[in-house]
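Shown next as structure tokens: one chain only, the form predicted on its own.
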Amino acid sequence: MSSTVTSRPVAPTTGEDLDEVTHADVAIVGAGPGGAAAAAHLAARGRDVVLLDKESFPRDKVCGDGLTPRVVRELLDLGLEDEAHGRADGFAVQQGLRIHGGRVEMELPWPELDDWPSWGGTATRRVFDATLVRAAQHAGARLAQGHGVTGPVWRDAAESRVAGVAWKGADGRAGTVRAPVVIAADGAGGPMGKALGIRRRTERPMAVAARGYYRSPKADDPWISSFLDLQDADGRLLSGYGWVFPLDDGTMNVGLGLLSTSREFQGSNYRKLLESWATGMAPDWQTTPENLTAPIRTGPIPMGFNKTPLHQRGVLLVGDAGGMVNPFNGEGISYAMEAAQLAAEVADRALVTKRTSDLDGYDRVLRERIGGYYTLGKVFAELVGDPRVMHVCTTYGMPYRPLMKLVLKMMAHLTDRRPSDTKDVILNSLQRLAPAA
């Protein structure tokens, strides 16, 4: 593959200017996967939705760009068949996970299950997010890109309930969107969470990711790769994980994440760590500095419901705004989209009953669905915060394929609700027994 391959252009997404005062059924803050998916589902139900984002699409976002089978199912639920099957420009299909640990390398196909697709994929967030935004617009949502939300509009002086959002445009214009329900999908440090006084739960894990794009002849690899033990340039074990995800444009997303439970979390230069690790892999992957197509970027990964409750005074938290990242693998797109679909159902019902209390079901159902799993992930993050633990696990566990199949199901959160497989029975039982704190 030619080393001159560059990212395919993505057509800009058109939006609209808002009036000084705009009314809607639901105002959604943030047009990432969670916000755009919520807008699409609500608009498909006939609701008047305004979707606001401070940036214009397409835009970049720090992410691994991996689409697990859970994400693929959400794409199918939105009717995005070509994207889900890798037939759309910018989308690729991967058949499974190649795990690297110690001296062992093992290829594990995505499991064959009744509840989930048996394939995954990749797409840059530049392509993926713009695709979901267009899907929301096609369903009837109004997109206000370039409109940065500055905070909530309160129903009363006591600030007992949010009744909309205030925004400011890049041109200095300002206004409000009045809506009885607000969905905050504005990221880990978004304005809505700050205005509501939501604090991060420090006992829940966090991570920081560093990511770069490299040209490589291996960009057509049908497997995504995960590295379970990392070393820096001096040979020190790092308590994190690495990935190499092939993309549809001749490049690979190469990145690493470090957990807050590790000794290196504070004070590390994450860009240099990634450069060092990538250069060490260059003989196999061509991840040399000259093949880096853009500067390395970093970003936070809020995990395990680290901001709760997920409904606060008429506002539903979706995605990173609620810390909905899987502590086992750092994946958050699927959970943002799953929460978005539930938020749409709950908001639609509350608009019918006109009862704010009906929005409380959002928090309850999400905790029932994935709260126990996130609790298990918290324990996992604490254990592997010591890189020696991960080293022992990879050294003695990696050679056993049946064990690694179980690990893949656990880390990717892929089991059937009515399982016939013993592995699924074990994992489902563990999730039910774990407290959904």
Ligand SMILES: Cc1cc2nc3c(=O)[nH]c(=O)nc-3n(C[C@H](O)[C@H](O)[C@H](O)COP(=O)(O)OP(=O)(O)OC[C@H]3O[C@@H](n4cnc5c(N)ncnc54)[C@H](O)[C@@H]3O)c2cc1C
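Please read all numbers here as calculations on a predicted model, not as lab measurements. Start at 1 and count along the sequence shown; that's the residue number.
Only in words, not in the display: the form predicted together with this ligand, which the text now covers.
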**Request:** Note which of L366, I333, A343, A141 lies within 4.5 Å of this ligand in the predicted complex, where distance is taken over heavy atoms; exactly one does.
**Result:** I333
**Item:** Contact residue in the predicted complex, chosen from L78, A209, L273, V181 - any heavy atom within 4.5 Å of this ligand
**Value:** A209
**Prompt:** Hey, in the predicted complex, is A31 touching this ligand, heavy atoms inside 4.5 Å?
**Reply:** yes
**Prompt:** Does V50 make contact with this ligand in the predicted complex, using a 4.5 Å heavy atom cut-off?
**Reply:** no
**Request:** Check whether G66 has any heavy atom within 4.5 Å of a heavy atom of this ligand in the predicted complex, and answer yes or no.
**Result:** yes
**Asked** Does any heavy atom of V325 come within 4.5 Å of a heavy atom of this ligand in the predicted complex?
**Response** yes
**Item:** One stretch from 314-322, 81-89, 288-296, 105-113 that, in the predicted complex, holds residues within 4.5 Å of this ligand by heavy atom
**Value:** 314-322
**Prompt:** Does each of R73, D358 and Y362 have at least one heavy atom within 4.5 Å of this ligand in the predicted complex?
**Reply:** no
**Prompt:** Within 53-78, which residues have a heavy atom closer than or equal to 4.5 Å from this ligand in the predicted complex?
**Reply:** D53, K54, E55, F57, R59, K61, V62, C63, G64, D65, G66
